[in-house]
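As a starting point, one isolated chain is supplied in structure tokens, in the form predicted alone.
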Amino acid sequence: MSASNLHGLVAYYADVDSLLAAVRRVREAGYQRFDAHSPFPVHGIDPVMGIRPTVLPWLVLGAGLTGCAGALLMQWWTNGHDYAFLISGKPLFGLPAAIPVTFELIILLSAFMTFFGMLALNTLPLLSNPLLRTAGFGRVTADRFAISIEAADACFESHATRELLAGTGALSVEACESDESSAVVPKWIKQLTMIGAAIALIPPALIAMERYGTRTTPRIHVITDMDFQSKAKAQSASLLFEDGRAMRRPVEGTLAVGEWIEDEYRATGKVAGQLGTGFPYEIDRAVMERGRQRFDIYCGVCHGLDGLGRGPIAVRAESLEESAWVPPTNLHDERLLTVPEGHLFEVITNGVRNMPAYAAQLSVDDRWAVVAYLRALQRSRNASIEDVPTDQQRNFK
């Protein structure tokens, strides 16, 4: 083998201790371009070889900080500046809401930098390595350990280097020839690459044609995303029932389990079919507070929190000059001050005119709580000084 065709020398060892001792001898001899090969990671071999910590962690840190800054800037720009959209009084840009996207982008860029940075720092991928052509190197993946010294090392001299490796207790020392194969990519690989690239362009072209083209027939729905399900949707038709409606009314005369109330007045607001007066149970502060909460949620949007019929929906409808809009009732109207409590309960339960029924949203006791709060609201609006406790009357004079 000519010196110009020599890539380096490879020495083989039987165990880890022999490998570590040989690496120490090679490094002390001044060699720089050498490597150790093992079928498994060897603890402590890096400092013996003089391998310094890699710069990769700093590159990953930079990628992570870039992802963090980029994600925060992107979300601030899109949500707080470019397309500001106010939702329920929430801030246009809030750090807690931006954390998930920021975290994902940090992980994404850090992972990319870890993978591609490792390849770059290790000068990979290396499609051909002369060591793979040597006869004994295949056992390195099974039960052998090896040291390879490149001929390009400044201290390399064929005879002296071989004697050094033999003196480290090597089982054998083998010469490694340089890879003299052509670096030109074979023509058939170029052709297959071009064919593969052409085939890879077909799906995007079909997707673009389906997305932006016009058709006289429905598009093919490859991924349904649960768009088509054999279920009944609200306000939809159904051939299962004779009237063709998917939505069904509750079976007349039935109640859900746990909803049976023996007291007729408490359940219906009627006694012997007639609207009753008063409340079916004692009204305390807890009931009044519950009624105020439910009233503010379900009634205040139309009737207003004060019950005057000037809720936000009513005000909005008036500003739009909706011709079909029917203003909500002023709950302090003299007529409503004298109607029996059973009437108010029935209206909340079944609705009246444009007001929908709230039986599905409010339980029986919640409906009575709303009636109790409404009576207190009416009384507060039409109260006299005699309605105020005696010890507090002087505060209102």
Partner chain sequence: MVITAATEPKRAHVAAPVVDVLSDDPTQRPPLMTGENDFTSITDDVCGIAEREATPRAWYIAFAASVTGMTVMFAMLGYLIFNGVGVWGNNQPVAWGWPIVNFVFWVGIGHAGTLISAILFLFRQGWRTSINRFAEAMTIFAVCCAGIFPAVHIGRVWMAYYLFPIPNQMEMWPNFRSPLLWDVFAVSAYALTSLMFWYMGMIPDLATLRDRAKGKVRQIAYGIASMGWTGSARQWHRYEKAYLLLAGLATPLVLSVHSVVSFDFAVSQVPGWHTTIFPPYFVAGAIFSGFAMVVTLMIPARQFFGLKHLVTMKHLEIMCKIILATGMMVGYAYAIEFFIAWYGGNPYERFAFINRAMGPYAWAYWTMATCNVLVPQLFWFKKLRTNLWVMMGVCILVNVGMWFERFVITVISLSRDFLPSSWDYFKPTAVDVLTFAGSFGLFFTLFLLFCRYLPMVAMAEVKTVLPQAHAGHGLHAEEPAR
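Every value quoted in this text rests on a predicted model; they were computed, and no experiment measured them. Positions refer to the first chain, counted from 1.
The protein also exists as the form predicted together with the partner chain; that form is not presented, and the subsequent description refers to it.
Residue (of L108, I297, A317, A232) lying close to the partner chain in the predicted bound form, criterion heavy atoms within 4.5 Å
The residue in contact is L108.
Contact assignment for the partner chain in the predicted bound form, among L362, A36, A372, V347, heavy atom within 4.5 Å:
None of the other options qualify; the answer is A36.
Residue-level contact is defined here as any heavy atom of the residue lying within 4.5 Å of the partner chain in the predicted bound form; does G30 satisfy this criterion?
Judged by the heavy-atom cut-off of 4.5 Å, G30 is well away from the partner chain in the predicted bound form.
With the cut-off set at 4.5 Å between non-hydrogen atoms, does V140 touch the partner chain in the predicted bound form?
V140 belongs to the contact set for the partner chain.
The partner chain contact in the predicted bound form: P100, any heavy atom under 4.5 Å:
Judged by the heavy-atom cut-off of 4.5 Å, P100 is in contact with the partner chain in the predicted bound form.
Might A376 be said to contact the partner chain in the predicted bound form, defining contact as any heavy atom within 4.5 Å?
Output for A376 is no: heavy atoms all beyond 4.5 Å of the partner chain.
Name the stretch, out of 263 to 271, 306 to 314, 115 to 123, 191 to 199, where some heavy atom lies within 4.5 Å of the partner chain in the predicted bound form.
Result of the contact check: 115 to 123.
Could you pull out the residues of 13 to 49 that have any heavy atom within 4.5 Å of the partner chain in the predicted bound form?
Counting only heavy atoms within 4.5 Å of the partner chain in the predicted bound form, the contacting residues of 13 to 49 are D15, V16, D17, S18, L20, A21, R24, Q32, F34, D35, A36, H37, S38, P39, F40, P41, H43, I45, D46, V48, M49.
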